[in-house]
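Only one chain is shown below, in C-alpha cells, and it's the form predicted on its own.
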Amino acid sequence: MAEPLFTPEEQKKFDAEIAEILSHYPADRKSAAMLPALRLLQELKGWLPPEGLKLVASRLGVTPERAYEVASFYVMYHLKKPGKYVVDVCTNLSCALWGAEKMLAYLEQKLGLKAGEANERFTLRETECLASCGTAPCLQINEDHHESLTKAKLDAIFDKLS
C-alpha cells in the first residue's frame, strides 16, 4: 500500500489553506487559484509529487495534466525532489559582467555538482535575472537572496548551511 501524501497535520493544514485560497476566487473560476495552490503543496512537501498534483487538480476542478502543465512552466516549482538547499545562480548579463560564470564554476567545484544537477543536500541551478543588477553577482538559496558575492562571501554562506 502506498504511503499517504500528507501526515495528518499536513492534511489539516492543506485543507484549511486551500479553502482560504479558494475563498478569494469565484466558484466557477477555481482554476485561477493554481499558482497559490501549487505553492501551498510545495511548502508542505518541498516539491510537487505526482499524487499532490492530482489532489490540487481535483480541488481546482481541472485535469492533472493541466496542473502538470502549469507546474512545469515555472522554474520555481520542483517536479523532482530537490536537495535540502536549492541554489539558483543568476548568470544574466549584469551578473555575467561581474563574474557569475566564474562563480558558478567555483560552486560546481565546491559542491561537486554541475548546474542542473542535484544530490540530497544541494540542487544547483543556473537561472535568469534575480533582479539584483546593481549588486551583481547574486544567487538565491531556498529563496534567500545574497548579493555582491565574492569567493570569500560564498564560502561564508555555504559554511553556515547545516
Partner chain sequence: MATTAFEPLISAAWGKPNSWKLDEYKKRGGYKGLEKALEMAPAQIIDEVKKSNLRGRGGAGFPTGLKWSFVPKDSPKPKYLAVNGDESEPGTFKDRYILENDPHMMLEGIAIASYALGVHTCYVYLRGEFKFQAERTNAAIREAYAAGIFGKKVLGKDYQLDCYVVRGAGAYICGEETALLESLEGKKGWPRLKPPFPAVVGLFGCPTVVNNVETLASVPHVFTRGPAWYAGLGTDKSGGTRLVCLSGTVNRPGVYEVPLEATFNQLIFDDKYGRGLPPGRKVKAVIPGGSSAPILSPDELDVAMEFEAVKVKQTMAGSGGVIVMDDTTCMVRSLWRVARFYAEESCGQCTPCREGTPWQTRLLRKIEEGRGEPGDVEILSNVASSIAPYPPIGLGNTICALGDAAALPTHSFLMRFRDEFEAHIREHRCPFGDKPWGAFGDWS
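Residue numbers count along the first chain shown, from 1. Just so it is clear, the model here is predicted, and its values are computed rather than measured.
The same protein also exists as the form predicted in complex with the partner chain; that form is not shown, yet it is the one meant from here on.
Enquirer: Check for me: heavy atom within 4.5 Å of the partner chain in the model of the complex, for each of 32, 140 and 147, yes or no.
Expert: Heavy-atom distance to the partner chain in the model of the complex: all three under 4.5 Å.
Enquirer: With the partner chain left out of view, choose which of 54, 66, 121, 114 has a non-hydrogen atom within 4.5 angstroms of it in the model of the complex.
Expert: Answer to the contact question: 66.
Enquirer: Do residue 85 and the partner chain come within 4.5 Å of each other in the model of the complex, heavy atoms counted?
Expert: So residue 85 does not count as contacting the partner chain.
Enquirer: With the cut-off set at 4.5 Å between non-hydrogen atoms, does residue 50 touch the partner chain in the model of the complex?
Expert: So residue 50 does not count as contacting the partner chain.
Enquirer: Is residue 61 close to the partner chain in the model of the complex, meaning a heavy atom pair under 4.5 Å apart or at it?
Expert: No, no contact at 4.5 Å.
Enquirer: Would you classify residue 108 as touching the partner chain in the model of the complex, given a 4.5 Å non-hydrogen atom cut-off?
Expert: No.
Enquirer: For a quick check, can you give me the residues of 62-80 that have a heavy atom within 4.5 Å of the partner chain in the model of the complex?
Expert: 66, 69, 70, 73, 74, 75, 76, 77 sit within 4.5 Å of the partner.
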